[in-house]
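Take a look at this single chain, the form predicted alone, given in structure tokens.
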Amino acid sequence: MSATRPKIKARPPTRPRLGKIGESVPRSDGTPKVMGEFAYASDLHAADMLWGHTLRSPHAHARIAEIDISQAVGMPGVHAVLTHADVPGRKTYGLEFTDQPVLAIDRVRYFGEPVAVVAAEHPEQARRAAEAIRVVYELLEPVADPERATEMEPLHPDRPTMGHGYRDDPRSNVVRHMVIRHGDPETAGDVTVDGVYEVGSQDQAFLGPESGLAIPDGEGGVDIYVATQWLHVDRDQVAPCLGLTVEQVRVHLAGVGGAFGGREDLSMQIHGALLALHTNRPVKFVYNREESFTGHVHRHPAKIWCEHRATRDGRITCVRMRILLDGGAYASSSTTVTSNAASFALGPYRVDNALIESTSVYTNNPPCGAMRGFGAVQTCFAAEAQMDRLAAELGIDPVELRLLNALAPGDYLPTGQLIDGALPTAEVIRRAAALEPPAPEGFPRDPIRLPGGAGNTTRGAGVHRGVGFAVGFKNICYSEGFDDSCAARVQLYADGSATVHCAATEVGQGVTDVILQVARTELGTDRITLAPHTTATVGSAGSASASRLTWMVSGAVRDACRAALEEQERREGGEVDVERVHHHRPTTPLDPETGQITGERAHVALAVAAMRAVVEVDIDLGLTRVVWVGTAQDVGKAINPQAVHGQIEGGTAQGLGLALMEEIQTRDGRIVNASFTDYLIPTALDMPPVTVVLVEDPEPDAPYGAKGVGEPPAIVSVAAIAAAVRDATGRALTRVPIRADDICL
């Protein structure tokens, strides 16, 4: 029996403008999204479907003494009430480590942890049934302060991240501790500056909440339609928990309303499938906004201690940094974030001597994981503030100091890796610094263009203008020995038309257009159909993360297209069907004791961005307005220049949010601002004009020379905007987001 296909809201057909590599192509999903006709995961519907709801913990840390579902199971419309005892297979799952219960077993470790799931005829019936479940909790002291986490009782006594090649750390609640020792960390300098910096926890704030639909296939398997970032890894986590083979679980991409790392971890996938198989009916989940805040990982809050030493003429001689990351209740991708924070802590500068310590810890705070630029955002903010302090101490122009120390091909990273690809740091700095900001605007002026904007309370008397500059960089693709790959399948027909299969997830970044552009370029035809993104017809494409998907998809589709043409030529026509898997050049892990490379490289490639920001600040009221942003970015080769500009503007918006307004507030582990009323994100009124310069220096080993572009702007914009506010106020401002009180004190 085949799976019932969900019904999707119909929309009128659109004819996208076609294009090949290097041409600007309007987004194929742009018109339906703007017109409100795009089908998101929350729009899915299947005949006879039930609605799922999750009962979540009201405590950050507690022991579960009893779960009583007797009242809930007899309520009208309720078809299933499941707890951990009903999970037929493995009881735990996880993106990198299986440390997270499908449903809480004997204790809860964060506010909002799933305890039970319900399926009912109507969402309100499911909600009321969940409220009727009686759970007896014995409260435990929460581990809320990451600086004290290593001194408290372990949240995971089995230490799930140990024994995986990381540096052994006997302290409790350590997710990963790593050290990078480069040269002689005792090397002195003529000038030393130090500082302590903090970064708050940021939510990905995607507009489409977690949602999906699970449909039993009538033969013991299940089809899951979900908004996600990595179809095959979702499947590989779900199947063991259901006690099924991976072939019995098929995951299909539903319409995604943004991701930014928050959909790498599972949300409703296992819960929906459990209920669907238990009831033998389709089950749909749609989280509300508050549930979404507690139902996905966030950016790691961080505290960073820095010391930079330099000669009188501005050469950096030594950097020492200590990084502490709050990973929350479960590991997620904290081990990778720990490494990235350390690996890119120095910024894109030549530093011959360094000591970098990076530690992530378990706490009872909300779980943290991947978010755009993960790890590099936090350390770029600290490192660039230090560069400005160093420039001030030396009396050197901040841009000139950065140029003097700019990293280039032939230099070495602090991990000992030789930079043998494209990294035009100096050119990027010069191109950004050369951008001309707008002239100061006089007073009086339209209040909408004053700090405070639509809620304006200033008239300009206390408004000061500031200019900031920052540079940041990050790795492209996965690192440290991860076998990163992407599969693509091409069906080439006798009439010259083709169908391309690829499980790459379109999360709003435009990868579907990249796939089609590559196929058109290689096959020489516009008659190309992109098949649905699913685990059922093609191998894994990997995740929409780490700025990797353009690179990997381009390679896989290119290779499959070329193989299909060769096969068709060999057969002298007819239909061919080929699949190819693209791998980037191999990487190896870092030495767990020294942080040095154990092979040729730990990172595949690097990308750098520089940004100049202009702000206005009312120093009496603490109100801030970003007036203009100018940025230059190393993009390798722009596959779709228009889409690249869009990615840079989007990353800048997220950096602006973290710099000035976005922060998850917690009290004893509980999120207290879980709504877009209380958790503020930039609106169109907050976004300044963004001038973008694309620096195209093709990466030698990348397909078409292309690099990913989504993360560098989010990394550098936080530092640049914070620097501009410092310039306007004269205050140190060592924490983001910058609050009004920080300015007015």
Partner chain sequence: MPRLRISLTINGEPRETDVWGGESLLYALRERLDLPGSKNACEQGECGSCSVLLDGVLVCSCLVLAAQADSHEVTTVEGLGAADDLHRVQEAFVAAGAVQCGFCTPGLVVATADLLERVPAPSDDEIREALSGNLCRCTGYQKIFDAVRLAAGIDA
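Keep in mind that what you see is a predicted model, and the values were worked out from it rather than measured. Numbering follows the first chain given and starts at 1. C-alpha atoms forming the largest set that superposes within 1.5 Å between two forms make up the rigid core.
Just so you know, the form predicted in complex with the partner chain exists too; it's not on screen, but the next bit is about it.
At least one heavy atom of Arg27 is located within 4.5 Å of the partner chain in the predicted bound form. When the partner chain is considered in the predicted bound form, Asn405 lies well away from it, no heavy atom lying within 4.5 Å. The partner chain is not drawn, but in the predicted bound form it has a heavy atom within 4.5 Å of Met35. The closest heavy atom approach of Gly508 to the partner chain in the predicted bound form falls within 4.5 Å. Residue Gly258 is the only one of Gly481, Gly258, Gly200, Gly183 with a heavy atom lying within 4.5 Å of the partner chain in the predicted bound form. Out of the listed residues Gly539, Gly650, Gly416, Pro160, Gly650 is the one that sits within 4.5 Å of the partner chain in the predicted bound form by at least one heavy atom. Only one segment in the set 64-72, 710-718, 695-703, 42-50 has any non-hydrogen atom within 4.5 angstroms of the partner chain in the predicted bound form, and it is 42-50. Contact residues in stretch 442-474 (any heavy atom within 4.5 Å of the partner chain, taken in the predicted bound form) are Asp446, Ile448, Arg449.
Once the rigid core is overlaid between this form and the one not shown, Pro689 does not reach a Cα shift of 2 Å, moving by less than that. In this overlay on the rigid core, Val34 has a C-alpha that sits 2 Å or more away from its partner position between this form and the one not shown.
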